[in-house]
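Only one chain comes next, encoded as C-alpha cells, the form predicted on its own.
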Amino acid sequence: MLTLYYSPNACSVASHITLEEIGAPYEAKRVNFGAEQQKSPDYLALNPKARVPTLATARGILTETPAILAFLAQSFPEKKLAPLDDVFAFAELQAVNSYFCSTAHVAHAHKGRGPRWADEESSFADMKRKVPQTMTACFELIENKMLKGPWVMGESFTVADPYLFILTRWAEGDGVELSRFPRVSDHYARMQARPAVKTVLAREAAA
C-alpha cells in the first residue's frame, strides 16, 4: 500500500488529491511542521530534504511533487490522469508541473522562507514585498498561456489540476487578485466541487 506523508495546505495537497482521485488504498500521515517533525531522525531517514510530500511505495521512497504525480499517473493508467499514450503531450504535462514546482512554488516560498536564500532580516522583508508581483506574473502566464481549459491540459482532468489547485489556494494570501484571472478562478471552482478535493481538505483540516 502507498503511504503519503503530507502537511496540511502544503504542496503535498496535490499528491493527496491525486491519490484520492485514483481510489486505490493508501495511508495519509501528517508531518507536524509546527513541532518540527520534518526534522526528526525518523522522518529524515525517509526524506533527508525535510520537506513534503514523501511517498512510500513498494519499490522505495519518492519525493518532489512532479515525480510523485507522474508516478501515480503511470502506476494507474486506467484512471487516465496523464496522456500516457502520447510522448509529446506527456512532456507538455511535465513542463507545466515543472513550472508550478520550480517557478510558481518558489515565488510563493519567498513570502515565508526567506532564510533559505538570505541571512539579513531586511532581505526577508524585501523578498516578502516582492511576492505579490512575482506570483501575479505567474498567474498571468498560467491564465493566458498555460491553462487550456476547462482543465489545465484541456478537456481531460490530469495530475496538473491538483497542482494548480493548491497554487490558487495560496494566491490571495500571496497578494494575487484572483478577480483578474477568470479562467483560473473557474478552474478553482471546478476543483472545489470534486469529491476527492472535498475529502482531502476535510481530512487535512481535521488532522
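The first residue of the shown sequence is 1; numbering continues from there. None of the values given here were measured: they were computed from a predicted structure.
From this point on, the text means the form predicted together with another copy of the chain, which you will not see here.
Not displayed here, another copy of the chain is kept clear of Lys80 by more than 4.5 Å at the level of heavy atoms in the predicted complex. Of the heavy atoms in Gly60, some are within 4.5 Å of another copy of the chain in the predicted complex. None of the heavy atoms of Leu178 is located within 4.5 Å of another copy of the chain in the predicted complex. Remark: Pro48 counts among the residues lining another copy of the chain in the predicted complex, judged by a heavy atom distance of 4.5 Å or less. Judged by heavy atoms within 4.5 Å of another copy of the chain in the predicted complex, the contact stretch among the candidates 170-178, 52-60, 32-40, 154-162 is 52-60.
Residues Leu141, Lys145 of 136-171 are found to place at least one heavy atom within 4.5 Å of another copy of the chain in the predicted complex.
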